[in-house]
Ligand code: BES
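Have a look below at one chain only, the form predicted on its own, in structure tokens format.
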Amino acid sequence: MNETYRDALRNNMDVRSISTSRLDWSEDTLAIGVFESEVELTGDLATLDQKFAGVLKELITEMEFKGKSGSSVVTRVGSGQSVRKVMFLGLGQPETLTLDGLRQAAASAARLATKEKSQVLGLSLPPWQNDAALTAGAIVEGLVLALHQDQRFKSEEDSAPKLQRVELLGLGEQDAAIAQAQKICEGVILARELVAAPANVVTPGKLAETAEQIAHECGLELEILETEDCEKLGMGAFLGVSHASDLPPKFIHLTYKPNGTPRRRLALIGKGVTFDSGGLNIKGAGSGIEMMKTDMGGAAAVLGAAQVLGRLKPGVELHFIVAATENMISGRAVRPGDILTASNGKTIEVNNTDAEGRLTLADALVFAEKLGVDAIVDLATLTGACVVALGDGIAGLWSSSDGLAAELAQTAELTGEKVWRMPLEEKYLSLIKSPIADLKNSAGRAAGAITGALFLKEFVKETAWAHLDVAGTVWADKEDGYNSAGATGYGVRLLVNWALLEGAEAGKSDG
């Protein structure tokens, strides 16, 4: 699925980092990041303005450019000059600049350069906290992700001229950082294309095939449990969801083991419901049922991360787990009121068949903890309640471990994939207690995102665990920064960077 993308990335856009300054660069289009305090054009910007016969000052005046974060302007420099066009990218105040601000500025530059039919772009952005490698990586992510277009299902592809080369100015040689960022982008775009594809294309079997491709390419161990295997392990919750579908479920387990003793052992779990009809509690008009192809956004992120980390080969043992199925309707469907037994022996009264994701995750969490890992993170498009609480730009974070929660929050700051820690309010646990079973799978509307997280927590005994509700973040209705309208690939960069954290110590549960 992403082979086409990788070929396009390598053949159509070359990204390199060079020591050449913006004063000395001479090619097609020069893009310069400008703080609000720099619009008076002092220092080398004043020299550049003189070199361009006052064009920069004229651009600032005529366009009333203030350097505000997210703003951009462009103009033609004029014949006889060393560059054809110049653009300014507003960066706001220096003290408020973030790494994601540079990622966003790079995305703006890429889109504007494409609109201006530029083929070569020289990009001058300041290093974040004097870290040229981290800055180069973030810029590459902004460039590549902003320009990604998914045209697999169109009869004619866009034939407009593409940006051929981008040179990152003044950062020195950063080949390793650029190569790593490109690998990360490929994982994000794999996740985007899995989420964006319709449910008749991305089925449980297709997720398993994708895992097979990743295992083959990256040298990972792969275990795919079929229905009979899951039955032997007592995965009654997962299989209960799968019963109504004509497509067999696939329980996917990819493993990466480094040479030598691993620094940590981690499990990453993604909800993999490839289509969610709601089951017998069918989703009605206005429910967004036509978008339920996105209900495997967590699984897509985990598989994207598996591809990236399988290539980067960190000193961490990693387990990537997806319980893939559809939630459909037939004579075999689980009924409201039925009782399922999960693989840890807990019984679950199904009082809402549309609260199916937590049933699949329950058995996945039990499976992961039996691996003896140091920490477990699950990503799931779990609840509409989380979207109501946090909108489409922030994922909800619940965790049994303050240390693990802090690691994820720290990583989110770097990647720009926002999270907000939510409470595991023990008082609400009573809301998911059943009078006839151990648990019920839905507590209704009130505190719905919290009770969903509390339900999952019942299937992790001791291991440090975090749950990310990504129901709002895996899809964007309109262009936003380096995300085009559509699937965002949210979570891939967060998981990859968390797995790569040096000195991370999240271990046994502390809460």
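Because the structure is predicted, anything quoted here is derived from the model rather than measured. So that there is no doubt, residue numbering starts at 1 and follows the sequence shown.
Beyond what is shown, the protein has a form predicted in complex with this ligand; the following relates to that form.
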Residue contact check: Asp100 to this ligand in the predicted complex, 4.5 Å heavy atom: no
Report whether the minimum heavy atom distance between Arg311 and this ligand in the predicted complex is within 4.5 Å. no
Are any of the heavy atoms in Glu356 no more than 4.5 Å from a heavy atom of this ligand in the predicted complex? yes
Lys257: touches this ligand in the predicted complex, heavy atom cutoff 4.5 angstroms: no
Would you check whether this ligand, in the predicted complex, lies within 4.5 angstroms of a non-hydrogen atom from each of Lys271, Met292 and Ser442? yes
Counting only non-hydrogen atoms, the one stretch of 276-284, 411-419, 362-370, 178-186 within 4.5 angstroms of this ligand in the predicted complex is 276-284
This ligand: the contacting residue among Ser124, Thr210, Thr381, Ser399 in the predicted complex [heavy atom, 4.5 Å]: Thr381
Counting non-hydrogen atoms within 4.5 angstroms of this ligand in the predicted complex, say which of Ala244, Ala385, Val316, Ala342 makes the cut. Ala385
Residues in 463-478 close to this ligand in the predicted complex, defined by a heavy atom within 4.5 Å, in order: Ala471
